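Before any questions on binding or motion, here is one chain by itself as structure tokens, the form predicted alone.
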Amino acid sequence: MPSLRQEAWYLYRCARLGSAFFRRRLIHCNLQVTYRCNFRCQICDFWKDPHPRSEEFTPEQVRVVGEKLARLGTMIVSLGGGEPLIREDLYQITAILRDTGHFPILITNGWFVNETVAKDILRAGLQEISVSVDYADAARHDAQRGTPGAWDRAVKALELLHRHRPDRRCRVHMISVLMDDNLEDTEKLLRLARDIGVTYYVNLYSSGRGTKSPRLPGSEVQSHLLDLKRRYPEFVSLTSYLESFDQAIREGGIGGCEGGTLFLNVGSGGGVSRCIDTLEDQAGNILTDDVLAIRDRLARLRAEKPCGECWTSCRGFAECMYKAPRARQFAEFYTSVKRR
């Protein structure tokens, strides 16, 4: 259990995050701590190019980032890549973001998770960790990820992370990218998540970055997903996010993206963009530029270049929290983060 000091710091961050929500501030940051990866996934392009370590944030630079983001309000900071756990100093980075007032979270392929990593990464201050599992059978998942043994390592990672949670508020999720060939896998994956003791998210596939092939599922998926949501309490994707899937598939996305006003992306060299798919439209560098000026430029970019070409979960979470009925959104969000 956390100490009184840790509990007080947690409640303080909750209050700041709640204030940011109600004041409609930037509430979510995707922080790309590395573009290196040990996998060769069909649905990602980062591994195709070399990414030297010298281009990545140092822990000291992460502290600068954390302090500057704190000026915008406490945020949920998603450590991304690449594969974040490829960095041996990720524990230090996680602790820095916690200590500068944020809620660090992480999505991993699970390959590097062992007993020691499972214990140390959660105790470093990680609020939640999600492990990617896209198919209910190992062969298809391994083929998609370009790495034999990927499925077994991911499932083992979920088991270890769940077992070594230092606090029941440290959440462990299974997350799947919904594509053109795995809709029928979702219920099997939900049952697997339930058996392990973790919760489950879905993220709608996006081909917006790089040269990936369009792989959206058929146009009628949300009734199936909403039925699963009703039957499985482990399914913690927001209902409002799932309710827009058919439209997003039919139209190639959802218009009115709030990238730059509710969420933002910080690349591994400090460049700030609205999202990971708009890296070419930089609003500045968070290491060298004033963060309030960056915020204003992000808002101008959103107005000048409106976008609606995806419906990914990071965007869906930030935007759906403001949809009616607001009480339902906050109740579902609370369910996904409460002690369990």
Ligand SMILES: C[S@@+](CC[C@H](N)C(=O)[O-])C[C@H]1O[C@@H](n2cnc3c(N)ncnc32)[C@H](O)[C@@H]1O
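Note that residue numbering follows the sequence shown and begins at 1. From a predicted model like this one, the values you see are computed outputs, not experimental measurements.
What follows is about the form predicted together with the named molecule, which we do not show.
Next item on the list: Give a yes or no on whether each residue among Pro84, Asn109 and Tyr205 has a heavy atom within 4.5 Å of the named molecule in the predicted bound form.
Entry: Judged in the predicted bound form, Pro84, Asn109 and Tyr205 all sit within 4.5 Å of the named molecule.
Notebook entry, point to check: Though the named molecule is not shown, can you say which of Cys44, Cys307, Leu301, Leu26 has a heavy atom within 4.5 Å of it in the predicted bound form?
Noted result: So the residue touching the named molecule in the predicted bound form, by this definition, is Cys44.
Next item on the list: Tell me, out of Ile254, Leu72, Leu160, Ile175, which residue has a non-hydrogen atom within 4.5 angstroms of the named molecule in the predicted bound form.
Entry: Contact residue from the list: Ile175.
Note to self: Taking 4.5 angstroms as the heavy atom distance cut-off, pick the stretch from 261-269, 74-82, 160-168, 94-102 that is near the named molecule in the predicted bound form.
What the structure shows: Of the options given, it is 74-82.
Check: Does the 4.5 Å heavy atom contact test between Ser132 and the named molecule in the predicted bound form come out positive?
Finding: Flag for Ser132 set to yes.
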